[in-house]
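A single chain, nothing else alongside it, follows as structure tokens in the form predicted alone.
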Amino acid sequence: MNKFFISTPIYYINDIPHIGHTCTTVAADVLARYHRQKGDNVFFLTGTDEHGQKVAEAAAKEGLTLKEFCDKVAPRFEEAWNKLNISFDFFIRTTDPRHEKVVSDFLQRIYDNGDVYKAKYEGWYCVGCEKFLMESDLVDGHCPLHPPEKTVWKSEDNWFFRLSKYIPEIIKLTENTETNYIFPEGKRTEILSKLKSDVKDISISREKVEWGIPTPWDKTQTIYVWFDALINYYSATQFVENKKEFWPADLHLLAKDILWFHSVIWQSMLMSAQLPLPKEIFAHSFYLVDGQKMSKSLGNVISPQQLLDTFGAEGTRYLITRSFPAFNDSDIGIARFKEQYNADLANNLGNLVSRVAKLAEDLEIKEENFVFDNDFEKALSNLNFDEAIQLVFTNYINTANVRLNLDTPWKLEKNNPKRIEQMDYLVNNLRKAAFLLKSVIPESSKRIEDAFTGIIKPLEKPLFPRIIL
């Protein structure tokens, strides 16, 4: 049995879940379910990042202690993923004492390897990202992701990690087509360009941020939140029962804005600690909402609950997967989601299932062992979800709809051999579609399989009720 370890980023809890978090998590779940369906031994990890300055500020704003705030907000992510039927195997929280212990041990290994030294840090720091910025990161003198006032000049004594020491090896790994671990290709090119600029050592501790894990060799400082967060992927395998064999990770799935941390800093940390490197990192692009970047000020942030209220868990999973911004930013909106839901799910798939189940009532079904189509597997493995889903519609669902209307089996008697042959074809098309879409819409696929197993019975309720536009 092959092992497959997939992770999402751990989400920062200074805010509630939104569609950006949702798209990464749903995509990871689709891949985890697909690998389980193939018979692989899967470990799917997600969770929350709970240390750092922004969390402390958010807790103070709500008048809560740091632990009270974390315990209040972290479950919102777990609850959202449960509502979306996300099949994670472990939900990690960085305030878990077991994680904190692994982080301390990990950083001590880096220190013992001679890769840590103390120096003064002076430079630009984005409070919104909670990260130090290089000159090349700045746009008009500030972080491009946050308002200008969030970019501040900081000067403090910190512990530094010798990142520059590992850059030549990171470049070599990234340039080699056999060892390259960054996907898609455009993101790899961006990282290589940045690697070949002047990459400096980075601070791994903070002098005046109390809400963090103490630096093991200097209790007056705390570990920089990003170093703490990155180690979660490794730490979970060390303290979750029977998971040590899963390291290294097979796939880190994340958004493009945190690729540098995962493809350069995380890799260098692992090299210093003399641990195996993750096999692949896939950095997807962003969602735009009706042509605009999501922001609180514009009021266009979409929450998973909004999607659930309108489309249900299955509809939401389908729409997120179909619109997944794998290679380029994807422009979405509730109105367009409604149109696609009605066209693909209510009218096309749902209506077809209802018609075929009614026409094939009492038809005996033969056992079939379905396998994945090569083109479908290739598209899904490359995270080209839209292409994978379109293949299912083109080859099985649309074809069945055309055949149903051409053959008009309802004009024939139930025991007519020609009608039975026609219905066998339609039923098997739908069963194959359900098999292929099981990772995307698991509950709906099961309903289709149950309806077309043994002796067919019409569905009591529509698979995907139509939404009023």
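Don't overthink the numbering: it's just position in the shown sequence, from 1. Just so you know, these numbers come straight off a predicted model, no measurement behind them.
Quick note: we don't show the form predicted together with a small molecule, though the next part is all about it.
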Residue 452 within 4.5 Å of the small molecule in the model of the complex, heavy atoms: no
Residue contact check: residue 262 to the small molecule in the model of the complex, 4.5 Å heavy atom: yes
Heavy atom of residue 103 within 4.5 Å of the small molecule in the model of the complex: no
Partner proximity in the model of the complex: residue 23 to the small molecule, non-hydrogen atom cutoff 4.5 Å: yes
Listed residue that, although the small molecule is not shown, lies within 4.5 Å of it in the model of the complex (heavy atoms), from 173, 199, 302, 254: 254
Option touching the small molecule, based on a heavy atom within 4.5 Å in the model of the complex, out of 268, 316, 158, 232: 232
Location of the small molecule contact in the model of the complex, chosen stretch of 277-285, 236-244, 304-312, 380-388 [non-hydrogen atom, 4.5 Å]: 277-285
Triplet 115, 121 and 162 all within 4.5 Å of the small molecule in the model of the complex via a heavy atom: no
